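Let's start with one chain on its own, the form predicted alone, as structure tokens.
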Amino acid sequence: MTGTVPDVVLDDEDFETRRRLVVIGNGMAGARAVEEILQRGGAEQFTVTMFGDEPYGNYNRIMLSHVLSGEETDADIFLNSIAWYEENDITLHAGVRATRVDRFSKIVYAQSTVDGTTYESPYDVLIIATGSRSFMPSIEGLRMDDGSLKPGVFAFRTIDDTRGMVEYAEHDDHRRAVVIGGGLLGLEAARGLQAYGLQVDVVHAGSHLMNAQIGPAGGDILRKSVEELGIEVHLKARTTAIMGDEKVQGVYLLDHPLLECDMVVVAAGIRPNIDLAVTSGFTVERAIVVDDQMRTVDDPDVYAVGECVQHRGEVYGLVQPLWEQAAVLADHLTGTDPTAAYHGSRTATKLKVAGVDVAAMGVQGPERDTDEVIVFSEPKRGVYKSLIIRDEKLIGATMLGDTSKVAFLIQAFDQGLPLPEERLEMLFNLGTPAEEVGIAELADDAQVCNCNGVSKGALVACVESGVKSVAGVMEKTRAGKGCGSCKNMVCQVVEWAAGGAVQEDPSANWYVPGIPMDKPELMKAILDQQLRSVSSVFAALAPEGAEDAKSKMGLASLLKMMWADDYIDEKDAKFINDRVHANIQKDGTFSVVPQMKGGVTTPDQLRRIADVADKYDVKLVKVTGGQRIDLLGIRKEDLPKVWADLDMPSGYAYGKSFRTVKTCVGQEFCRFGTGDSTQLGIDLESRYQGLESPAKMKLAVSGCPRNCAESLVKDVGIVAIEGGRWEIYIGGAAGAHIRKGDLLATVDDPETANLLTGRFMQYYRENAKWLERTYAFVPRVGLDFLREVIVEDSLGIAADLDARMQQAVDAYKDPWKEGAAPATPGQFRTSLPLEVLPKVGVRA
């Protein structure tokens, strides 16, 4: 008897010979460990699965303070985008929290933070990199009854925390903030909040600022430097309660009077995230206990790395130890160096804290009678330097206000270099080698970038490989991509290594990063080749036709400005706000602002707005600083219905475009009015509504020099003066940046004011860099030059500017009309929310 063996269908997993590596944690430590493993050929040994609480790729947490201050955007701080995981064949579960590890069956259990979906992921090798969380002290009034933070209270740990702080700080009626914690993070938060015009108080329980890094004498000088920045410091102050029933109204301090404020940022330190390890039965003391190979002491197949681990009794909260741990783990796990061992880190910190240069390493003060102490203090200049030397070795140093010698000090501290007999040479360049020579004398293994563990030797090797620009070296090595405090030293090393042949970074003048052309060259190429869509620009002008996500938004704006009605709209080239014509909020809902030209509305419009607010259960109805009404908490799928019910045009409160014209009541009602500011404001908004531009544009018209519409701090502000004349100001700002506008011209009638406003905006649209606001554009180009071009027509282009502006005006279409006929089937389809919606609080 014979038989046949049935066919067996095998899927890919049946042929998989690689071991399964699961990583819990997609923060800096977890992602760095995976990078190190991949660099050692780990992709051939492991399939990689990662779990991360946050619904994003991996970003540089150190740079959150830069995002808060506005120096960087949140898009700038991502280290690995979602695409990076796909390119490296990594299965990333973003927004999924690991809840438990079954060590015996080797399975990780996890749950989505969005919809509760559960996951089970078997592993052969596991890495725990759960990091740390903000420590939120027990303070009366910190939380609401449901356990959530009181509106106006923020931690400062994640990108969502930062976005929330920015949004809250930007509210016009929020004027004071209190930061609890005078450490590094607290001072950075305080300085960042100042950028939004807030008065900031720092409340610190310690006797001096940054007491974990520097001693009392240095802390006292730092306090004076911080207070000179306008930040009030309260030392030995304990917060006892946060006041306010529905939102923050102030804080009570023990033995201090009430501090009134609108928001509170808690920056009182961090704690390791150890809940999962405890639940899963790992040995945990202050953090997860690991050996010198970063293995847990309970299971040789489970490793841990980063701020969640305790190694030889130490728990680290700085980035440098994370990198060193990740490298050892990767060496050991991949077999690249089975003898690799982590012996702890000698941490040295060099940062700019609240605008003050600070470097600290080792002990803060003498510990033995024989310890040698050298101190220099110049409080008037905010300079403080101290050295602690034991047995001719540097064991501690603090530099404040002047860190010019820190390169040598870090090297001496880290490597135990011989110290000069003349100790002052360690503090000053007193007949000592020049700075360039100092760079030359740095050892190759001297670490220049502590954040990313980049040595002088790595920088030099990069230069010798042919990369001759500072930006190129930074991109290649990632040096300077952390906190940024080492950028000057990176520049010095690159200049030294290149022997004076440093190349200027050409991309500094590119309009968008993905197309190697400045704006005039790019516009000419687009016109010459008749490129009318973003994809066609990439195909024709980008190196190898490669699309660049960071360039799409700028290109779409530029093409729309150049081609007006002939622009080919591609939805994937737009940011979500531009795709759905509304402003996305932190909880995934949208803000809807209908147009009210000149801030003027009618009873009928107000009734419709009220009806919409009731019908769609709008959680917050807010009057904006631009005299508009904002409906917050609208679901994406409801947007078309809301627009239809409102039956009002878009107010463009979301795009890089012409926004609003703010007006006062003008001469019709005001006894001081000298011009019809309301009518001119309506005329301007009617003409320029929705106009695409490199950055948002806000205008105002005031009916008299009392300037009730705040015209002097707008991108274009117009003021009526005696005799029926009008003054036109340009380049003003009163947001994160404050600048009084420059007087462009004084004209005799509103029609000319309207004409010159349009001409200036067209010149700005054609010549400004992407995201360059007028407050930066006007001083860069020069007021005199602009006056010659716009008013006196010195270049003979006024008629052309006017004609191109008219073309743009004629191409205007109300984007909310797309509600009746969506551009794509999924334009307003509900998407997977990042959080349970809506989460906007209900206001009485």
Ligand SMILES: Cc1cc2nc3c(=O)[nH]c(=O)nc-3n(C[C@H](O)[C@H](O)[C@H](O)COP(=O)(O)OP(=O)(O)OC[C@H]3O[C@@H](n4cnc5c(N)ncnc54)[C@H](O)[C@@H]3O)c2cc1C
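This one's a predicted model, so the numbers in the text were calculated from it and none came from an experiment. Note that residue numbering follows the sequence shown and begins at 1.
Omitted from view is the form predicted together with this ligand, to which the following refers.
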Between 778, 34, 808, 64, only one gets a heavy atom within 4.5 angstroms of this ligand in the predicted complex; which residue is that?
64
Picking from 130, 660, 650, 239, the single residue whose non-hydrogen atoms come within 4.5 angstroms of this ligand in the predicted complex is 130
Tell me the stretch among 149-157, 550-558, 692-700, 595-603 that has any heavy atom within 4.5 angstroms of this ligand in the predicted complex.
149-157
Should residue 188 be counted as a contact of this ligand in the predicted complex, where contact means heavy atoms within 4.5 Å?
yes
Contact label in the predicted complex: residue 818 to this ligand, heavy atom within 4.5 Å:
no
Whether residue 307 contacts this ligand in the predicted complex should be assessed with a 4.5 Å heavy atom distance threshold; does it?
yes
Give a yes or no for residue 213: in the predicted complex, does one of its heavy atoms lie within 4.5 Å of a heavy atom belonging to this ligand?
no
Any residue of 92-112 with a heavy atom within 4.5 Å of this ligand in the predicted complex counts; write them all down in order.
96, 97, 98
